[in-house]
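Starting off, we have a lone chain in the form predicted on its own, written out as structure tokens.
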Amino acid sequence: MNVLDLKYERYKLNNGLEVILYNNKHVPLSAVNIWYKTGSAYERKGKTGLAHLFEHMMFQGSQNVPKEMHFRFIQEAGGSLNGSTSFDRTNFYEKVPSNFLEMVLWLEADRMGFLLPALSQEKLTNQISVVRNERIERYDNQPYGLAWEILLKNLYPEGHPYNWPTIGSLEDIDSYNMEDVTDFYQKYYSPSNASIVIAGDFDIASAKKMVEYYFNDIPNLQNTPEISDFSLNSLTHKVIEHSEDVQLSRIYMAWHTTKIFTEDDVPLEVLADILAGSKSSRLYKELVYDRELAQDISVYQFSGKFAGHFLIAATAKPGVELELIKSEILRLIGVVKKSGITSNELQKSKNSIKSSFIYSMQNVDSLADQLNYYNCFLDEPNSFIADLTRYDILKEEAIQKAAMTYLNDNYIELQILPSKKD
């Protein structure tokens, strides 16, 4: 029996909420994971960051749950919880001893269906302040903190759903009002725009009754707006210089690539690992270890619902020019284009990616999130084997082809330079 061939049950309530049940009695824990199919991509210009703000607002109390009590109830039960926002989705998750499953379902149902009666200007003002401070701390006052925002604005055209960072702009954060929050909730936090996974040790019949009792009567508030698919114009090489109060220069290079679960996203992910995923990887060994040109280097492939990009970032050693680092990066990419990679590099990368994936699945909360991930992107929660098979069948030629296809002369180049001292 393949341990990654998970047996689950999926069904819908009358209000459209998708329910996925995965029973595993090996540990006395239950995980609840809700995905709302909305993230920063579903915002509009002038109101960026609303999805992230709303992640905060969902912990500020609902009709039957006082402010901050969601955390307290879960933590006093010996559980853990949190939420996160990305371009494409917002999720909320809890892991508790199994005898507290009903409490978690009650908490999640109350904020899914009865948040607005408890919404107040005081709560909104408080969370605007929290998010504003988070933005300043993590972006504006963080070394290299504005790089991500600058890259997105130049990599994706205005109007594209990935044109801004998830946290939003300071100007937009300061502009939020009660109407904004109410409207966002009514559009995107309806049952038919969500899926809930219950995973772990629980009685299936009892869980179904609890889900029916707590969620089935929650009404859909509005029809969720669809986002049009966006085509991207070809990039031209663009150099952006940005001065900051940093000690060392850093270069970012970003290319348009491909969406999630398309033919080339795995080859690009493996290419990123071969280039900079370990100390023996090509870029790290050459630029950081052997020649000591760079302080650090990272590479990753992002694949989203509406677009994808390949990003390289390298911090220069003192006295090293970014032009030299850039030319060496392009040279080493050129080697991959011309000569490909070795079978040993490919196997090592496959083993690393697969082992990390399988290790994470030992945690019931990670497993629940992965079920929701596959459900929302592939409409099949049990896609573990199909997903890993993409790596198993990957050939060296596919990686070389991906490098040749995407890593061309048209990319966004951002240079973060130390501010000149008077």
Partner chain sequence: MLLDRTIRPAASDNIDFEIPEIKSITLDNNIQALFIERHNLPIIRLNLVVQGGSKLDDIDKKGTASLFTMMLDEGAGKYNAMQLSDEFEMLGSNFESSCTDDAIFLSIRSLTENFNKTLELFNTIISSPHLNEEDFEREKRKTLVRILQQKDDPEDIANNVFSLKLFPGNHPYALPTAGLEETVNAISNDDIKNYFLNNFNSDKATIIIVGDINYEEVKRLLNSTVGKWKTNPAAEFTFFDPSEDVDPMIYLIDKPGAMHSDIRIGYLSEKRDETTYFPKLLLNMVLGGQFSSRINLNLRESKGYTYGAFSSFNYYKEAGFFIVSSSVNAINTADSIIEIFNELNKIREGININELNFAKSSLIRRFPSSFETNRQIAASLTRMIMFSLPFNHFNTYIDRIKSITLEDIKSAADYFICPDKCFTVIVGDKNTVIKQLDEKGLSNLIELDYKGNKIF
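Positions refer to the first chain, counted from 1. No experiment lies behind these values; they were computed from the predicted model shown.
Not pictured, yet referred to below: the form predicted in complex with its partner chain.
**Student:** Sort through Ile227, Met178, Leu330, Ile136 and report the residue having a heavy atom within 4.5 Å of its partner chain in the predicted complex.
**Tutor:** Only one option qualifies, and that one is Ile136.
**Student:** Its partner chain isn't shown here, but in the predicted complex which of Ala118, Ala77, Ile150, Leu232 has a heavy atom within 4.5 Å of it?
**Tutor:** Exactly one residue meets the criterion: Ala77.
**Student:** How about Cys376: is it within 4.5 Å of its partner chain in the predicted complex, going by heavy atoms?
**Tutor:** Result no; Cys376 lies far from its partner chain in the predicted complex.
**Student:** So, Thr38 and its partner chain: in the predicted complex, are they within 4.5 Å at any heavy atom pair?
**Tutor:** Output for Thr38 is no: heavy atoms all beyond 4.5 Å of its partner chain.
**Student:** Tell me, yes or no, whether Gln142 is in contact with its partner chain in the predicted complex, where a contact means a heavy atom of each within 4.5 Å.
**Tutor:** Contact check for Gln142: yes, within 4.5 Å of its partner chain in the predicted complex.
**Student:** Report whether the minimum heavy atom distance between His26 and its partner chain in the predicted complex is within 4.5 Å.
**Tutor:** Residue-level check for His26: yes, a contact with its partner chain.
**Student:** Name the stretch, out of 150-158, 301-309, 207-215, 182-190, where some heavy atom lies within 4.5 Å of its partner chain in the predicted complex.
**Tutor:** In the other structure, the partner sits against 207-215.
**Student:** Each of Ala109, Ser129 and Tyr359 having a non-hydrogen atom within 4.5 Å of its partner chain in the predicted complex: is that the case here?
**Tutor:** All of them do, each having a heavy atom within 4.5 Å of the partner.
**Student:** Which of the residues spanning 164-178 lie within 4.5 Å of its partner chain in the predicted complex, based on heavy atoms?
**Tutor:** If the 4.5 Å heavy-atom criterion is applied to its partner chain in the predicted complex, 164-178 yields only Leu170.
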